[in-house]
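Quick heads-up: the structure tokens below are two forms of one chain, split into structure 1 and structure 2.
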Structure 1
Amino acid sequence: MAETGKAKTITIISGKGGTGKTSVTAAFASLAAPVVVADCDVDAANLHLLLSPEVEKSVDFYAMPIARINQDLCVGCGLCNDLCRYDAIVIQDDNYSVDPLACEACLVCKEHCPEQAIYTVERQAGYWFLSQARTGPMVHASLGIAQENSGKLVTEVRKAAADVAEEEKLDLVLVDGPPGIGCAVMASLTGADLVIAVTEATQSGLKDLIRVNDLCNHFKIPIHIIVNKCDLNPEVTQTVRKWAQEAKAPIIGEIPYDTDFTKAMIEAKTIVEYKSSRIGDELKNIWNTVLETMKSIA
């Protein structure tokens, strides 16, 4: 790959979870090693289960501070409740308090409380880690339960991955993205040179793929497709192929339904490390195609 300059980024996403995205990312990491991998699926980080990284550094992540009500100062006027658009003010036996799960930290209540009874508290919402995996450096994160701001945490993980690539002079970053099309996905697409969408050959897989493709078009990032479980329904697979051709989103690989992914996972191995299997071979071919494609992306 390119000898100089900034590392290239390949982001692997899927319209929804469970398509095999993380298993594919892990396989690519094995094939590309040494490479920087970033697990940006911070809501349900799983890549560490396959790559068993050793944590070298852990950094606290703070979410927006949320509101609290000082019971000694509150006179129960109810203004905060009138102004809050998120139904986050809880009234119980004339006591006003803030539901931390509903609070969006807009602090309108704090700004307007006539008694200055509302204050904010810092919230440590999670961590991100810089680790060494057997495939090279790895950046991953753990977001506290029911926390928000996963987009912001994804951005931190991505930046840390780019930094470590530069420090260790590695020219590729592999990003395991989150499912869906919301804020965390958008944050993980930023700066991607190529997106690989892993989809299932199912009705719902195709629908999710179309939405993910729209999102990539929206951000003008080229997208390539891997169809998993391609033999479950040849008809749907054919529809996916037709759609991909029309959408100019090339299919770079098709993987048959195989429980080897699961067996490898149980042994905490990537599929290319797990005994020789047909999907392992298929992934090697796909990876070669990806390398060819990356050469053409200046």
Structure 2
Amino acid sequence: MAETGKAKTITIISGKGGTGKTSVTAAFASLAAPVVVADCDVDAANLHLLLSPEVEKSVDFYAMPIARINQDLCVGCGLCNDLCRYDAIVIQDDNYSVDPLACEACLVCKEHCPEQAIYTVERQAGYWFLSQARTGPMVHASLGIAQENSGKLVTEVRKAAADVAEEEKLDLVLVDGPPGIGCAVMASLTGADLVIAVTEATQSGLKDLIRVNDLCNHFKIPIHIIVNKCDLNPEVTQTVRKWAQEAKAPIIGEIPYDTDFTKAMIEAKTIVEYKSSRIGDELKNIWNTVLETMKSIA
């Protein structure tokens, strides 16, 4: 891509996991290298398995601060227990305390405590990393077990990726987004210039694709579609084509089922690195289409 100042961002998402989103992202990274890659699927990050990055920097990630009770100030009125909607206030030995796993950090208890006995503490919930992969800089993350605030972590990963692109004067950021349409997906879409939705030829895949398209329309982000495993059910694939035409969401590639995807993953390679194959050729054609599309995006 030609340098235009601020880096462009392409976000690859899917309505659910297991559609091949990460394999497509890795293939694009190989074809676009050097490029900044951001793995925003922080709840189940796995892009690093294909790109084998070497970590250069690790940054602590803190979720929303949670409540604690100062036992010296608490008079045991129980108002915090009455107000908590998440049953996070527990009683032990006649003392009120906060269950950190149940606390949703709404801080209603702190706001209404008549003795001002409730305070907040930071909660480390994971890390994000700046690494070097063979395709260029990579920003990825690890969210702690049972930790939430994945949307906040996605925002930090995406922002770090944009900063790296600016520092290293790279003009493209590839974002491997989370599956679904939840908070983390919306966080990964912020600032995206183009969304590529990877779906598969199943009825559930089509329903997920429609929801993803609605989400992109809401944020006014153009969407292109890749149908993976298009030969799983030709009738559904035909239905996806018809729907995409009516929704004005162009299909830029159809990829048949091929065990080469799995074989490439086993060898920790992207499909275009694995060997010359029809799947690799198809992804190169799709990438050329993406590049042509990006030229038209100001």
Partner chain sequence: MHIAIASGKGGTGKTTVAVALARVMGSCVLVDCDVEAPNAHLFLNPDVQNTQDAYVMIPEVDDGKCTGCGECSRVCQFNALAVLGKSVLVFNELCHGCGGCVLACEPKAITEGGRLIGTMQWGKAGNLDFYDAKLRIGEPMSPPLIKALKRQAECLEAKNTILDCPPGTTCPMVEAVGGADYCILVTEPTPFGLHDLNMAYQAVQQMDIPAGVILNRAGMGDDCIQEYCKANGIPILLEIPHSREIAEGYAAGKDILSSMPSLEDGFKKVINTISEGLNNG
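Structure 1's sequence is the ruler for residue numbers, which start at 1. Just so we're on the same page, rigid core means the largest C-alpha set that superposes within 1.5 Å between forms. Note that the structure is predicted; figures quoted are calculated from it, not measured.
Between the two renderings of this chain, the form predicted in complex with its partner chain is found in structure 1; structure 2 comes from elsewhere. Treating the chain as two rigid parts that move between structure 1 and structure 2, Ala162 and Ser276 fall in the same part. Domain motion between structure 1 and structure 2: the smaller of two rigid parts turns 19° against the larger, based on C-alpha superpositions.
Superposing the two forms on their core, we find that the Cα atom of Glu122 is displaced by 2.5 Å between structure 1 and structure 2. When the core is overlaid, the C-alpha of Asn70 ends up 6.2 Å from its other position between structure 1 and structure 2.
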